[in-house]
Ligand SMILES: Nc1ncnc2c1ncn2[C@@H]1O[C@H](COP(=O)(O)OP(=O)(O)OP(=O)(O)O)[C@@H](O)[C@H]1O
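Below you will find one chain, with nothing else, as structure tokens; this is the form predicted alone, and questions on how it binds or moves follow later.
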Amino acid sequence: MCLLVAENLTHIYPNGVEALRRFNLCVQSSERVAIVGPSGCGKSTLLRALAGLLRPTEGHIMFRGERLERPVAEIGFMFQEAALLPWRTVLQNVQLPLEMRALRAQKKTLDPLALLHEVGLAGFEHVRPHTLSGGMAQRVALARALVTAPPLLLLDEPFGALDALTREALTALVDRLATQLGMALVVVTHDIGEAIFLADRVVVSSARPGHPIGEVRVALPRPRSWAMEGEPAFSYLVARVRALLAEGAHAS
């Protein structure tokens, strides 16, 4: 049984732009799915719908067998930008989800201090966000997304603006923490290598309006290292995803 099911999702914005058209997706428990596609193909729209932040024009989403119509504590979301509250300390930003009424009822949560240590920010608990680098701010955002121990974590290109070394470190961190916590992931990215590194399955979307045009299974062993990027098996998967993207561009 799927943890999350999206059936025939279509979304048309008020200005008439059709971002998604009959997008179907099934995510199993602990499965990691990456979604890649050309710019503007509706990937972020899809993720906001899966988070319960946007109600699609047509179609529906089921989470744990129930219709999803609003954000729920069991689905974590990591945005493209850290979006930390500047008047709160690092620790207070991580604690924020635990203070929300809908989340206080959650029985299973993680220790915010232990999470900050896990993401490499021990000693920064009481500083304000303006003192942090971009990579450090994203580590705080990751800890905040994980503090409720969500069975599903959605990531909307959260590492796209970071330098290569920081990006590699944080994707490796997400890979390791997802394994430790048994989380399912859905990550939207334009970086094919990142998609393959994180995912068990890469879903390729068409140009707008977005809909799946194919997928590539990733059978690389875990834990993964960016050293794999130079191996033939990794390069083969990159080539397969690129071929699907090219086919989609040609069809459009």
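Just so we're clear, the structure is a prediction, and the values are computed from it rather than from any experiment. Between two forms, the rigid core is the largest collection of C-alphas that superpose within 1.5 Å. The numbering used is simple: start at 1 and walk along the sequence shown.
Note that the form predicted together with the ligand isn't included here; everything after this is about it.
Q: Among the candidate stretches 196 to 204, 213 to 221, 41 to 49, 65 to 73, which one is within 4.5 Å of the ligand in the model of the complex when only heavy atoms are counted?
A: Looking at the partner contacts, the answer comes out as 41 to 49.
Q: Answer with one of Thr179, Ser133, Gln80, Gln92: the residue that has a non-hydrogen atom within 4.5 Å of the ligand in the model of the complex.
A: Partner contact (heavy atom, 4.5 Å) among the options: Gln80.
Q: Answer with yes or no whether Asp175 is in contact with the ligand in the model of the complex, where contact means some heavy atom within 4.5 Å.
A: Because no heavy atom of Asp175 falls inside 4.5 Å of the ligand in the model of the complex, the answer is no.
Q: Can any non-hydrogen atom of Val17 be found within 4.5 angstroms of the ligand in the model of the complex?
A: Flag for Val17 set to yes.
Q: How about Tyr13: is it within 4.5 Å of the ligand in the model of the complex, going by heavy atoms?
A: Tyr13: contacts the ligand in the model of the complex.
Q: So, in the model of the complex, is Glu157 in contact with the ligand at a 4.5 angstroms heavy atom limit?
A: Yes, contact at 4.5 Å.
Q: Let me know which residues along 178 to 193 have a heavy atom within 4.5 Å of the ligand in the model of the complex, or say none if there are none.
A: Residue within 4.5 Å: His190 only.
Q: Please state whether Glu81 has a C-alpha shift of 2 Å or more between the shown form and the other one, with the rigid core used for the fit.
A: For Glu81, whose C-alpha is compared between the shown form and the other one after core superposition, the shift is 2 Å or more.
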